[in-house]
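Have a look below at one chain only, the form predicted alone, in structure tokens format.
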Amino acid sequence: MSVSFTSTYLMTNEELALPVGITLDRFIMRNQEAFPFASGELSQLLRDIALAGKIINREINRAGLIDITGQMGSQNVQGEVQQKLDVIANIRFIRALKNGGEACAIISEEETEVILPGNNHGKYVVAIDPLDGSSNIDTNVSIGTIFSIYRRKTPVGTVPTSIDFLQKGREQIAAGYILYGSSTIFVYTTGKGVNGFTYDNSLGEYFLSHPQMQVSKSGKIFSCNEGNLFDFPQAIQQYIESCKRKNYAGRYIGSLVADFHRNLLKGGIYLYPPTEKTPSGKLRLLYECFPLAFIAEQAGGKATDGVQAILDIVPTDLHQRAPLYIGSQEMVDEVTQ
């Protein structure tokens, strides 16, 4: 029996060069040589976070079938009512980081104090918002996870303290987010550009789908909760009015990760100004503003609190809050002027 190969499809050199098929694990391994001090620990940390993201993705996809939606009836350290998925995501990520063995300490939006996994010989600490925008889960709206990784300040082998987390945003070793939406995407940076990986449920793998992401210098999207418009500073009200006069599109999902991700891809600005109710801002500095600001700058954008670059702020509290203006460089410059 003869076999003909005349119909075999041969890929062109351009097609062979496409980044299709590069898994997150393989990408991390290829790039870990850029961090010789890490000896593989940083790579393992990123894998641990990605693994927990897969588990949360599964839970979210089952949200309408099992009783994990709605409120827990308790409040977190922020005074916000906890959703059931907040608690589930918090447990999943802490467990994944603890079992991974690389994080010596963790702070979470859902926990008051520093979490000590018992790995005092670990070199890294992780700040995380396990499930941003979780109140939207009941209505099937995109939600996300945000994380930040630092090298510890206390000596290896000692018990970590809050000092290990109270570092400027520019001292981050890595940061990223996982967006659970029409597809699940893992976006991260280690200070050498921003790359996005889309999760393939059938294979259980993240694949490189958005290499070297860059935000345009300007855009035509502004994202803010206009329900608070008259509580915003007068200058911000004027800026939003100017956006409308220019026929910019107002787009606001109410999930920070989703709003940020859209503007990263399409160009735009996200605004969360101070209000009379929250004069210091509402978003958390360490595990919301810092990681997204790191990503924004690595993608060619900017992030400020209205006075200084977000990454230059020196934190004094684990759950410190800050205003945030983040996105395309020219739009952020305009609003801060």
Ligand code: P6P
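Throughout, we count residues from 1 along the sequence that is shown. Computed from a prediction, not measured in an experiment: that's the story for all the values here.
In what follows, reference is made to the form predicted in complex with the ligand, a form of this protein that is not presented.
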> From the list P211, G254, G191, P233, which entry has a heavy atom within 4.5 Å of the ligand in the model of the complex?
Replying inline: G254
> With the ligand left out of view, which of N140, Q237, N225, N201 would have a heavy atom within 4.5 Å of it in the model of the complex?
Replying inline: N225
> At the 4.5 Å heavy atom threshold, is K282 in contact with the ligand in the model of the complex?
Replying inline: yes
> Is there any non-hydrogen atom of G133 lying within 4.5 Å of the ligand in the model of the complex?
Replying inline: yes
>> Although the partner isn't part of this model, could you tell me whether Y272 comes within 4.5 Å of the ligand in the model of the complex, counting any heavy atom of the residue?
In response: yes
>> Using a 4.5 angstroms cut-off on non-hydrogen atoms, would D305 count as touching the ligand in the model of the complex?
In response: no
> in the model of the complex, which of the stretches 307-315, 22-30, 43-51, 283-291 has residues with heavy atoms within 4.5 Å of the ligand?
Replying inline: 283-291
